[in-house]
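This document opens with one chain alone, in structure tokens, the form predicted on its own.
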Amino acid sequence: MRVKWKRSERVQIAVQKSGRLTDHSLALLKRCGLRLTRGAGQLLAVAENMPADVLLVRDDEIPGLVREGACDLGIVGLNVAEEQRLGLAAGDLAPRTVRSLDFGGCRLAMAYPREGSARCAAQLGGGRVATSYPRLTRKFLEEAGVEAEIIPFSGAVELAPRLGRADAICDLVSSGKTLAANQLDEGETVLESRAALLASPTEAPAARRELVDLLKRRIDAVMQARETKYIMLHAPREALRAIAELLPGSESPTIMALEGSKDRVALHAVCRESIFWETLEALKNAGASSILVLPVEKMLE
């Protein structure tokens, strides 16, 4: 039998309804244990196993929904959150950035036409900059001591110089292929961005405060698990100190005797940093063998 909860008891989570963060955001919530159901075309996904709803909205609506307390949590790009934060009036509370997530990586950057006269912001000389992020762009230019006219531009910002609307642009960049296709060269980085978990600055009612905290802990656990690897190897006892020093971000490893061997042991360790091929080769050179690196599905501390 499905348990029914009152609206005041249900946690509201806002995510992007369509775009580069949507699938990653929903997958993260599912890994946190939410079994979501959503009808075709619906902008609301309901969790079957706990009092939580996921609202699918435009990304630029998410910071406001979280700030006003309409949603308890939100997942949005840091670029959107920071652009809106800069537009708040003095005394207004901004959503709290709980943590950075491991998807949606990109950068807000200046870009200049290859046939233009400006190759950097300092050479704009009162020129025009087209952007969908006017506040972040203005802040960057002011801090750089550059005078330029900000041209708010929605849609394909990279077309603005070709249309004669701007001498440079400030836009999101991931691979840089779109800039290259439009004869633009990337310039200064304005903001390094990735998805972020936002929380309401107002405290949730007691009826759902505990669940909000539970979801934040689960998201932390999922992120830690993604960033963590479990490594197993065999090694001579005399090489253990050198091998332990090579393991990235590990705590004290577990050492177990190998059956039939007096001078070799099995070592198991949880590594909280990336393990590269160079790390494995260094471990092998130190005497390790049978090296196995495994992903961690879930982890609670």
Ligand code: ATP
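Note that the structure is predicted; figures quoted are calculated from it, not measured. Residue positions are given as counts along the sequence shown, with the first one as 1.
Just so it is clear, the following notes concern the form predicted together with the ligand, a form of the same protein that is not shown.
Which one of these stretches, 98-106, 123-131, 83-91, 180-188, sits within 4.5 Å of the ligand in the predicted bound form when only heavy atoms are counted?
Selected range: 98-106.
Within 4.5 Å, heavy atoms only: does Leu283 come near the ligand in the predicted bound form?
Although the ligand is absent here, Leu283 would stay clear of it in the predicted bound form, with no heavy atoms inside 4.5 Å.
Though only this chain appears here, would Ser117 touch the ligand in the predicted bound form if you measure heavy atom gaps against 4.5 Å?
So Ser117 does not count as contacting the ligand.
May I ask you to check whether Arg58 falls inside a 4.5 Å heavy atom distance of the ligand in the predicted bound form?
Yes, Arg58 is a contact residue.
Taking any heavy atom pair closer than or equal to 4.5 Å as contact, tell me whether Pro161 reaches the ligand in the predicted bound form.
Contact with the ligand, no.
Out of 158-189, which residues reach within 4.5 Å of the ligand in the predicted bound form, heavy atoms considered?
Residues within 4.5 Å: Leu172, Val173, Ser174.
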